[in-house]
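Shown next as structure tokens: one chain only, the form predicted on its own.
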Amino acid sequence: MEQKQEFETYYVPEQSKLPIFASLGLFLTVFGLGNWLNEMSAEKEGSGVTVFLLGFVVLAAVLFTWFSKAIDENIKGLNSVQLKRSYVWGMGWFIFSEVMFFAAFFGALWYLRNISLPHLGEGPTSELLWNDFKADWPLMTTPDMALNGEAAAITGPEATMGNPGFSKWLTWLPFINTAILISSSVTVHWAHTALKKDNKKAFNFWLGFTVLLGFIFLCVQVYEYKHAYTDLGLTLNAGVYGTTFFMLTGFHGLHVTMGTFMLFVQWLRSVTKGHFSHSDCFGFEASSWYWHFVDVVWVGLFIFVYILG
């Protein structure tokens, strides 16, 4: 007699309007940010910042409601093994998309330094079109600046954020931030190890300490930006070097902010709600995976932007 095969119940949530509001919030955020940047470059006032903040508030409210529902469903035992597996794959693909995002910027930096810049400084291209433009890196004077006889945007290679020499690393802000971020990767691993042992006290301590290190990293980066702008004259308009420097480090700073906030939310969940155990901790694990990814990207930045830049 054949036995009836048992299938796992797959929970399907009820219909929701949250995706519509999420799309609206995302549209307003991007549209407002674009207008805000255009208004800043044109040095005029407008509604860009207002639209941006409105979209950000809408998107934040939607995400808070959405994640709250997902957490509540998991606590009620509605999430099946297959659904939890789909969460893991979803986070994996999200991190992969972030890898491709940064790969594009690293690729642009490589192309500028190894293909585009040497070509602009060779033969007739340099002599006839760009007024004997010098293809030096870090690039202080762009071809247009050379053509128009304009001075370099900043004083010279010694005034960049590049490597000052191994003897000065202990006071070099990028190295300090590297030490901070690598340390945070270790502390979040210790938090994970503590959770596997169901030691919630140690888990809360090391997770909270990781959040603190993330916040310190951001404070150091803000100070570094202030130093670059006020002391070195290194801005987004300081040639292609300034553009690539701030695009790469700025987007990474945004991701560190996101990762710090994600870990902070998990810490609040554990401290105030008693969430997470060794067998049910996907929210924390997903956030820790993202944090390790952010750390790896920074190591790449430290090598290719600061040391070799």
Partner chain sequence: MAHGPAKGFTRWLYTTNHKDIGSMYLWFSFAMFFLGGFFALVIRAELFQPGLQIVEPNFFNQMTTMHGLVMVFGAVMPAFVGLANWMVPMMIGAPDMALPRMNNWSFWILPFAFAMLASTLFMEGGAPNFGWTFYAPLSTTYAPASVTFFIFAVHIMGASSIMGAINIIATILNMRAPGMTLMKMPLFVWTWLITAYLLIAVMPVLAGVVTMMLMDIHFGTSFFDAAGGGDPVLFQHVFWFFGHPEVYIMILPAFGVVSAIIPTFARKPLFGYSSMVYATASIAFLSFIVWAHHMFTVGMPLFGELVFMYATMLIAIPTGVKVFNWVTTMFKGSMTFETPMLFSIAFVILFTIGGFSGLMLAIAPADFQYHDTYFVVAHFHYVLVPGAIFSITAAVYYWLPKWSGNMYDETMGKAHFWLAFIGLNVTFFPMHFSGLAGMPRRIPDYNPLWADWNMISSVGAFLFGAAQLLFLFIVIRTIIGGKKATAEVWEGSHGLEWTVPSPAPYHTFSTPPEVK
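Take the two forms, find the largest set of C-alpha atoms that superpose within 1.5 Å, and that set is the rigid core. Residue numbers count along the first chain shown, from 1. None of the values given here were measured: they were computed from a predicted structure.
Keep in mind the form predicted in complex with the partner chain is missing from the figure; the text below concerns it.
Peer 1: I'd like to know if F264 sits close to the partner chain in the model of the complex, meaning any non-hydrogen atom pair within 4.5 angstroms.
Peer 2: No, F264 stays farther than 4.5 Å from the partner chain in the model of the complex.
Peer 1: Any chance F56 has a heavy atom within 4.5 Å of the partner chain in the model of the complex?
Peer 2: Residue-level check for F56: no, no contact with the partner chain.
Peer 1: If we define contact as a non-hydrogen atom of the residue within 4.5 angstroms of the partner, is F105 a contact of the partner chain in the model of the complex?
Peer 2: Taking the distances in the model of the complex, the answer for F105 is yes, it comes within 4.5 Å of the partner chain.
Peer 1: Would A194 show up as a contact with the partner chain in the model of the complex if we use heavy atoms at 4.5 Å?
Peer 2: Looking in the model of the complex, residue contacts with the partner chain do not include A194, since no heavy atom lies within 4.5 Å.
Peer 1: Go through 172 to 180, 200 to 208, 67 to 75, 217 to 225 and give me the stretch that gets within 4.5 Å of the partner chain in the model of the complex, heavy atoms only.
Peer 2: Single hit among the candidates: 67 to 75.
Peer 1: Report whether all of S23, F31 and S97 sit within 4.5 Å of the partner chain in the model of the complex, measuring from non-hydrogen atoms.
Peer 2: Verified in the model of the complex; spot residues all in contact, yes.
Peer 1: Out of L63, M258, L268, V49, which one falls within 4.5 Å of the partner chain in the model of the complex, going by heavy atoms?
Peer 2: In short, L63.
Peer 1: Of the residues T230, S167, N237, N114, which one places a heavy atom within 4.5 Å of the partner chain in the model of the complex?
Peer 2: Exactly one residue meets the criterion: N237.
Peer 1: Only counting heavy atoms and a 4.5 Å limit, does any residue of 84 to 105 reach the partner chain in the model of the complex, and if so which ones?
Peer 2: R85, S86, Y87, W89, G90, W93, F94, F96, S97, M100, F101, A104, F105, in sequence order.
Peer 1: When the two forms are laid on each other by their rigid core, does T65 show a Cα shift of 2 Å or more between the shown form and the other one?
Peer 2: No, its C-alpha moves less than 2 Å.
Peer 1: After the core is overlaid between the shown form and the other one, has the C-alpha of G32 moved by 2 angstroms or more?
Peer 2: True for G32: a C-alpha shift of 2 Å or more.
Peer 1: Using a rigid core alignment, state whether the CA of L254 is displaced by 2 Å or more between the shown form and the other one.
Peer 2: No: L254 shifts by under 2 Å between the shown form and the other one.
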